[in-house]
Structures are given as C-alpha cells and as structure tokens.
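Single chain ahead, by itself, as structure tokens, in the form predicted on its own.
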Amino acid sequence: MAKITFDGIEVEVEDGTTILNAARKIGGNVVPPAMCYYTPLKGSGGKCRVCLVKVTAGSAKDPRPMPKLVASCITPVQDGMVVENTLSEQAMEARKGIVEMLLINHPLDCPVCDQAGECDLQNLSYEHGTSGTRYEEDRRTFDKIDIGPLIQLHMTRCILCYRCVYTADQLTEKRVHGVLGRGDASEIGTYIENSLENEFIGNVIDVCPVGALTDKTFRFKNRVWFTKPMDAHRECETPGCCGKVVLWSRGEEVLRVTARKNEYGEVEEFICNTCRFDKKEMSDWIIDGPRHIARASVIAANHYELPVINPHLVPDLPAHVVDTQIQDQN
C-alpha cells in the first residue's frame, strides 16, 4: 500500500495504482478529467493530456518535485507522493490550453449533435474553456465515410482518443477500423470502407467522449434531456453480454438503448448489438427503475425522480408516502 496526498487530502491505495484512480478514491471536484483513459480498456490513457497534474514531491524516499506536469492516468503512485490538481495554477493553466487545442478543429455542432447534453468535451470546455478562440486558420475537413447501417462517423468531431480502437480490439473478434494517416491528417477510418458489423461493435458509441460516433437508429430523433432514462435488463443469450442497459424513452417509445455508465462516464458492463439496436420495445425488458442522474447534468432538468421530502416541512403528508419516496430515492 502507498499513502499519497492529493490536493491536501491523504489517501491510501494499492501499489501500482495510477494517480487518477487514487484521486477517484477521494472523489468530488478534485478528480482530474479524462477524455482518453477508460478503465475497462487495457492500454488506454496518455493521449489527450487533460488529466495533467503537478507532483510536488515524488515520494518519501525522494521528495524532489517532478520537473514537468505528468499525465495522472498513466503515472503510478509512490509512497509519500504529494500531488496538486485544483491547487496548482500551473496544472489549471495547462488544462485550459489543452481544451483550447481540442477545440481548434472541433466544429460548433452542439445544436445538431446527438451527443449534446452528455458530451465530455462540452463539460470540459464549460469548466476550463474560454469564450473565444485565437485560431485563425481553416478548420480541418474530411471526406464522409460510410461505416455501416448502425453507426454514424463524424470525423470532424473526433479528438483521436483511441477509445473506439481499443474497444474493437478487445471486444470484437476482428477489428476493421483504426487511425489512418499522421499528424493533422490522422483520422478514424476503415481504409477499404468496411462496415462495422461485429456483434459488440455498438459499444464504440458508448465509449466515444464526443459526438464522433453516434447511433444511427437514434439520429435526430430527440434531445437526450427530453427522454426518460430507465434501468432495465433481460436474459441475453449472446455470450459476453450482461443484458443490463439504460432505456431512453419518451412516453412508451424506446428511442435508444445504451450500456450503464458509472459516475466517470465509463461503461460498467458492455452489451451486444442485439440489446442495443434490436430490442426497442418496453415488453422486451424487465424495468429495474429510474436511472439516477446527477443534478449537475442537463438531463436532470426534466427528470422525473421523486424530490427529497422533509417530513418536518410537510407535517400533514401521510407517513407511508414519505417512506415510499425515501425508499425510492435510496
């Protein structure tokens, strides 16, 4: 075990744990953001650089500070390490610059993008971005590529996080897409325009932090904050599929199906294409209950979870109603 101090808070973690996962043990606003790192995917991390932190003391044995900011998602902890994230002006300024770089070529598609309302880049730019841009050159453009009937690719929105590549590598039997080209010409593609049709390939939609890969069956159908997310499950016969999903519906119509994600936007368990694209009826699923949405999310604006009730403020409310609502909230 190693003890580290992160933003003045001491936490003990297992040896080999990364600084980012150590910060996640603490939780809250001190946790650095991550656009490329994804816990379920081996080899992810170290590409977007938005999780940069300042190490003011390397370890108890060698308390010298690290000369440069380090990527917290791939840097292991050392016993006695002291790390600053929100307390470091240098780290905050660097993150602001990284966000500015990510937005250089990213189009202003938020009004029409299906990812709007649950986009990691939107959240990142809101917290660390600027209201204007200093970039005066033409934004990069790409030829449109058809990658199949289920997934829509918008390469102009891609930030090259490699998550979809790792997903196809580790979940599917044969990967047919990857990063082509180098430098500013790098792009996600299939080279010979293959269709992405593997049974688990739909998971690239869930892992994409921006709107570069979206669900064609949900395309332009609704805004995510107008839908009601419900946890549901079914006995899926596809090997490797957990069958646990989130149904996004409006009325009795299921508009899309996604895998369940944790508080850091990472998929808890992957699902197959059958669950994602073919089971769009309420009767196909066993409903577990409403999906909890953080109040900070725009999706919570029209959410239907029961409000917190204080019996002391509403003394005439029947006790069984209060007990039922508190139980539902838990």
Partner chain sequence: MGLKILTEHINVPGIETYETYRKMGGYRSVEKALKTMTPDEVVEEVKKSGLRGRGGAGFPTGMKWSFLAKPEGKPRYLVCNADESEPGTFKDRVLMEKIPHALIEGMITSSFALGARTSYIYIRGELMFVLRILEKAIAEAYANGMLGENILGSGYSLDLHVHPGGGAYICGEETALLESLEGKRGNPRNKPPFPAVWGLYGSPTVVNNVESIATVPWIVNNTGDEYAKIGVGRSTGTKLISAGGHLNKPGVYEIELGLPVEEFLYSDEYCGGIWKGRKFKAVVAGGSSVPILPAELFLKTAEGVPRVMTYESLSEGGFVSGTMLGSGGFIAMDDTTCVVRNTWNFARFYHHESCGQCSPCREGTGWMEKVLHRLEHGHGSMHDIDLLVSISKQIEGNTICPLGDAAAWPVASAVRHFREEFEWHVRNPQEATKPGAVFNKSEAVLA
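Numbering follows the first chain given and starts at 1. Predicted model only: the values in this text are computed from it and were never measured.
Missing here is the form predicted together with its partner chain; even so, the following discussion is about that form.
The stretch from 251-259, 144-152, 158-166, 117-125 that comes within 4.5 Å of its partner chain in the model of the complex, counting heavy atoms only, is 158-166.
Listed residues 101, 236, 246, 87 were compared with its partner chain in the model of the complex; 101 is the one with a heavy atom within 4.5 Å. Among 226, 220, 135, 191, the residue placing a heavy atom within 4.5 Å of its partner chain in the model of the complex is 135. Against its partner chain in the model of the complex, the set 92, 111 and 209 makes no contact: no member has a heavy atom within 4.5 Å. At least one heavy atom of residue 69 is located within 4.5 Å of its partner chain in the model of the complex.
In the model of the complex, at least one heavy atom of residue 47 sits within 4.5 Å of a heavy atom of its partner chain. Contact annotation: residue 186 falls within 4.5 Å of its partner chain in the model of the complex, judged by heavy atom distances. Contact check for residue 105: a non-hydrogen atom falls within 4.5 Å of its partner chain in the model of the complex.
Along 27-43, a non-hydrogen atom within 4.5 Å of its partner chain in the model of the complex is carried by no residue at all.
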